[in-house]
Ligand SMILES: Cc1cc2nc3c(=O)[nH]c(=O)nc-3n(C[C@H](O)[C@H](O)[C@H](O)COP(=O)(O)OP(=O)(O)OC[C@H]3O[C@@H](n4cnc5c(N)ncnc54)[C@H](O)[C@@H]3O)c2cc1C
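Shown below, as structure tokens, is a lone chain in the form predicted on its own; questions about how it binds or moves come after it.
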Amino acid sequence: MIHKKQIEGIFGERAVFNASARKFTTFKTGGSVAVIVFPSTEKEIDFLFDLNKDGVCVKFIGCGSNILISDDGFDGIIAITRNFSSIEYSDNFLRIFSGVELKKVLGFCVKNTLQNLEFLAGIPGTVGGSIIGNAGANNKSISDVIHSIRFLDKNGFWCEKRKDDIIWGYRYSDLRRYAFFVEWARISVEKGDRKIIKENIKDIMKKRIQNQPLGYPSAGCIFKNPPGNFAGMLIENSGLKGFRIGDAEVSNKHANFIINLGNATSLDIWKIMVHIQSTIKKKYNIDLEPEIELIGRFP
């Protein structure tokens, strides 16, 4: 049970009750969320851990990408990590806190002539979510550059683990299994040439603009690539580009994107996901696994 006065006592104006998911998700869909909080200290994370332990469901998000919240809403707590926003540079390592957007990481790298992270250009979201999901592009993943991570585990202990002590996979880390909250990551960088770094980022962004529907609300790629294949190609070859339910549509630009044309509901998007999975299963006998997280109740 959520105790409003207790939450207000901890977070004050950094707690919002009965907020629309449309306002903080990149899909711009979803119902009412019981509580949204903006934690900024480890003590506040400990408080959320205690609530979660007592049966209140707590979900951490960054920019609201890579998630789909039910039209029925969510009766737990959404904790938005934007106040964990520091970047520190020392001895060829960045210590980046979980709420920092990836585009701001790249801005810091350009300003300080640091290379190795250009492959993150155009990936939506924050450092915390990208670590949990081992985000990446162009055959590189964030796990390739991680040195160590600090997190609160699901037993309530603050821990620091080196990269090699974490199990990584394609769009996967086992932190999802035992980490309650990722606080920061130490990431390897190298001094480089600012002009070359900017050109690399520009080239990657140019390709994304050409190939992805960045002008519409979406959550990024919907499905993980199955082994030895590409989800977008399978969807496109199944004739599903442009498939539409309500105001949700499979993008004609990139078939692994579902876009909101204006007034889509989460249910519209979910129905398209189910239709895609069913079609690909029948045509190729492949089970497409969602890359996005569903929050709340779906049919």
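So that there is no doubt, residue numbering starts at 1 and follows the sequence shown. Predicted model, so just to flag it, every value in this text is computed and none were measured.
As for the form predicted in complex with the ligand, it is not shown, yet the points below apply to it.
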Does residue 64 reach the ligand in the predicted bound form if we count a contact as any heavy atom within 4.5 Å? yes
Contact with the ligand in the predicted bound form for residue 94, defined as at least one heavy atom pair within 4.5 Å: yes or no? no
With the cut-off set at 4.5 Å between non-hydrogen atoms, does residue 73 touch the ligand in the predicted bound form? no
Residue 137: touches the ligand in the predicted bound form, heavy atom cutoff 4.5 angstroms: yes
Which residue among 253, 59, 244, 28 has a heavy atom within 4.5 angstroms of the ligand in the predicted bound form? 59
Please identify, from 108-116, 159-167, 194-202, 127-135, the stretch that has a heavy atom within 4.5 Å of the ligand in the predicted bound form. 127-135
Suppose contact means a heavy atom within 4.5 Å; in the predicted bound form, does that hold for all of 208, 212 and 219 with the ligand? yes
For 179-204: residues with a non-hydrogen atom within 4.5 angstroms of the ligand in the predicted bound form? 180, 181, 182
